[in-house]
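Below sits a lone chain in C-alpha cells, taken as the form predicted alone.
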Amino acid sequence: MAMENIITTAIIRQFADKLSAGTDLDVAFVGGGPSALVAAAKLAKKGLKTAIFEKSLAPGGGVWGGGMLFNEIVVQENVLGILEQIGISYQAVPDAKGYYTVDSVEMASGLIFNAVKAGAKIFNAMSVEDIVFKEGRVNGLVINWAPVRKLAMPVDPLTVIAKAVVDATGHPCEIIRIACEKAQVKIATETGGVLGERPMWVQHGEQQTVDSTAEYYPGLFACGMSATNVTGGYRMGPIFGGMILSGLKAADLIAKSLASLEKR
C-alpha cells in the first residue's frame, strides 16, 4: 500500500473508532469553552464517558481573544490552585489584590490539553442542531458538520445518546433554547423560559455564573455564560474565575445526578 494511503486509512479508521464510541456517552457537552473544558476533565477523571462537541475549529471559547484581542485574561485568587494543577502560569495585578493576569493562549491550550489527557474526547467543527428528547428527558444530541450547517447543505445529521447534556454554548444558550422552543418544555427559571443576559457588572456576573450553573430540565444542564443567559445574569467580560468555578460545580452536579439515576 502506498504511504499516502496508509496515512489516509489510519486517520479514517482512528476517527471512525473515536466517533463511534462518542455516540453513546455519559455526558455530552455542547461548546468547548473554559467551563466545559474544566467540567469535562473532572468528569472524565471520575471515569465517566465524556465528550465535547465544538462547532469552531479550535475549542476554548472566548478565552483565545482575551480582552479585545489583547491576549491576556484575568482570574481571581480562588482559582489559582486549579491553574497550578494544570500547569498554567499567572501574574499578580499590582494595583488589585487577589486578581491575576493569565496569557489567554496558554489558558485555552492548557485547558484543552488537560481535558483530553483526563480522557474527555473533543469533536471540533461539529454543530449540534437539535436534541434527542424522549419520555420527558433530554437524552442526547443531533449533530452535523459545522460547514454543512453554515452552507445550509441538505445533509441529514447523526445522533449522540447521552445520560446528561450540558449547554455550554455561551451567550446564545442554544441547546436550552431548542428545548424550550422545539420540545416546549418549562425549564427551572422564574418564567419557565430563558430570561436573557443583562449588561456588564463584573462582581455580580462572576457569582451569578456559578450560582446559575444547574440542571434546568431532566438530563439538561447549563454552565458558564449559557447559565448566565438562562437566568438573566450580568455579563462579566474577560475575567474567568467564575467560568472555572462554574465548570467544577457543573461536574459535581452531573456526577451526583447520574449516580442517582443509576440507583433507580
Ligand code: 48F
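Every value quoted in this text rests on a predicted model; they were computed, and no experiment measured them. The first residue of the sequence shown is number 1, and the count goes up from there.
Below, we turn to the form predicted in complex with the ligand, even though it does not appear here.
Novice: So, residue 110 and the ligand: in the predicted bound form, are they within 4.5 Å at any heavy atom pair?
Specialist: Result no; residue 110 lies far from the ligand in the predicted bound form.
Novice: Going by a heavy atom distance of 4.5 Å, is residue 61 a contact of the ligand in the predicted bound form?
Specialist: Yes.
Novice: Does residue 166 reach the ligand in the predicted bound form if we count a contact as any heavy atom within 4.5 Å?
Specialist: Contact check for residue 166: no, nothing within 4.5 Å of the ligand in the predicted bound form.
Novice: Within a 4.5 Å heavy atom cut-off, is residue 225 in contact with the ligand in the predicted bound form?
Specialist: Residue 225 belongs to the contact set for the ligand.
Novice: The chain here is shown without the ligand. Which stretch in 151 to 159, 181 to 189, 90 to 98, 119 to 127 comes within 4.5 angstroms of it in the predicted bound form, by heavy atom distance?
Specialist: In short, 119 to 127.
Novice: Sort through 214, 48, 195, 239 and report the residue having a heavy atom within 4.5 Å of the ligand in the predicted bound form.
Specialist: If I apply the 4.5 Å criterion carefully, the residue I get is 239.
Novice: What residues in 37 to 57 sit within 4.5 Å of the ligand in the predicted bound form, counting heavy atoms only?
Specialist: Those in contact are 53, 54, 55, 56.
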